[in-house]
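Each of two forms of one protein chain follows alone as structure tokens, named structure 1 and structure 2.
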Structure 1
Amino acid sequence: MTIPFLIIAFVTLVPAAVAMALRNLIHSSLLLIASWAGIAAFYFWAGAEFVAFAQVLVYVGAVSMIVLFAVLLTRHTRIDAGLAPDSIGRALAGLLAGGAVFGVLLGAVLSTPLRVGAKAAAQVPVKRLGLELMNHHTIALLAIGILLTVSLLGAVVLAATDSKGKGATP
């Protein structure tokens, strides 16, 4: 391992871990943005400049703004931030789901053969990457865009109604 890789790993993983431990959603969202920037730095370090630029443009720019707007539009007071009675059950379900995702990702990484040599160092041209994204993955990109738009509209609707559901707030 090299020193730049360790610095990038630190910049990526530490904000993500701290974001999970904090109770303030705004601070956690900002730390999530720092973690996404660390992922972009990893892409840049690995030689995938276009993917690093896309990471900064999409996640650090657009998705982070949607997350911040959703948090700001749906949070009314500190009373709303109280612990629900079923918080422990939700935490255990979240840990179980996170463990399942980790297991699937670990299995995928371990079953992937690692190529070493000149072929592994060859970079994918930007044109080919763009064609792959816009030909084979167009539906996924459109679905993500629609999902983010609907979630932001839902946050606006939730913010427009008061906590008792009797109508719009003044």
Structure 2
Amino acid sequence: MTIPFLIIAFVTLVPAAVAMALRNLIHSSLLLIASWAGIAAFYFWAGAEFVAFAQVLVYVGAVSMIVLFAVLLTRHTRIDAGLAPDSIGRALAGLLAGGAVFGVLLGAVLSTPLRVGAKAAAQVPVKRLGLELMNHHTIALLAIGILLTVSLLGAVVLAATDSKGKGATP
């Protein structure tokens, strides 16, 4: 367990936790984006540069925008909804659910044979990555491609009908 790994784990987990506690939605979404950057740092540390750059480009670049827009479009940027009084029953239910999820994760982690202490993964040049994708995983790649284009076209159609639907100006 080297020190950089600990730092990266800290950078990823703490913003996520603080994000949940904050009242201001904008602050919490920015902290969420910070934790995504933490995940990218983790990929970097693991030597997978390509995935790290992809993570930064996709998540910190684009998905963050979607999160912020979603927050802006829902009018309350500060959580001002009154919290229900905390009762024992609701606390118990929360603990139970959290414990169950933790159990399942712990089981999966322990059962997989991790070769702890293996030497660092070899530097995989992007060209080999590309060949690997196009030969063995072409079907998966094309499926994702089609899925993304369909969603893009869907968005465009929705936006188009929305503007037409506005109809008479006031």
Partner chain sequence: MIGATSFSPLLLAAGAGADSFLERLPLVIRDTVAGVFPAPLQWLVGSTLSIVAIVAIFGGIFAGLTLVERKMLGRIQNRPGPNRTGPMGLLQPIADGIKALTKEDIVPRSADHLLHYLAPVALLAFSILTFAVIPFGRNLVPLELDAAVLYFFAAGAASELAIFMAGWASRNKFSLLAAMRALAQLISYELPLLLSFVPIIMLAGTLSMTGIIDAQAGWQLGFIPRWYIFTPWGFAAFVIFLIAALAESNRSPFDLPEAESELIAGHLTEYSGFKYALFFMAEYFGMIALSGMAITLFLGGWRAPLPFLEFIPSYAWFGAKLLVLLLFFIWIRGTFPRLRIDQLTRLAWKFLVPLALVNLGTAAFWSLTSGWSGALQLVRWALTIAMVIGPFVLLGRGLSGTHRPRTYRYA
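Sequence positions of structure 1, starting at 1, serve as the residue numbers. Note that the rigid core is defined as the largest set of C-alphas that superpose within 1.5 Å between two forms. Please read all numbers here as calculations on a predicted model, not as lab measurements.
- Between the two chain copies, the one drawn from the form predicted in complex with its partner chain is structure 2.
- Taking the rigid core as fixed, one finds a CA shift for residue 148 of 2 Å or more between the two structures.
- Once the two forms are overlaid on the core, residue 108 shows a Cα shift of 4.0 Å between the two structures.
- In the rigid-core superposition between the two structures, residue position residue 99 carries a C-alpha shift of 6.1 Å.
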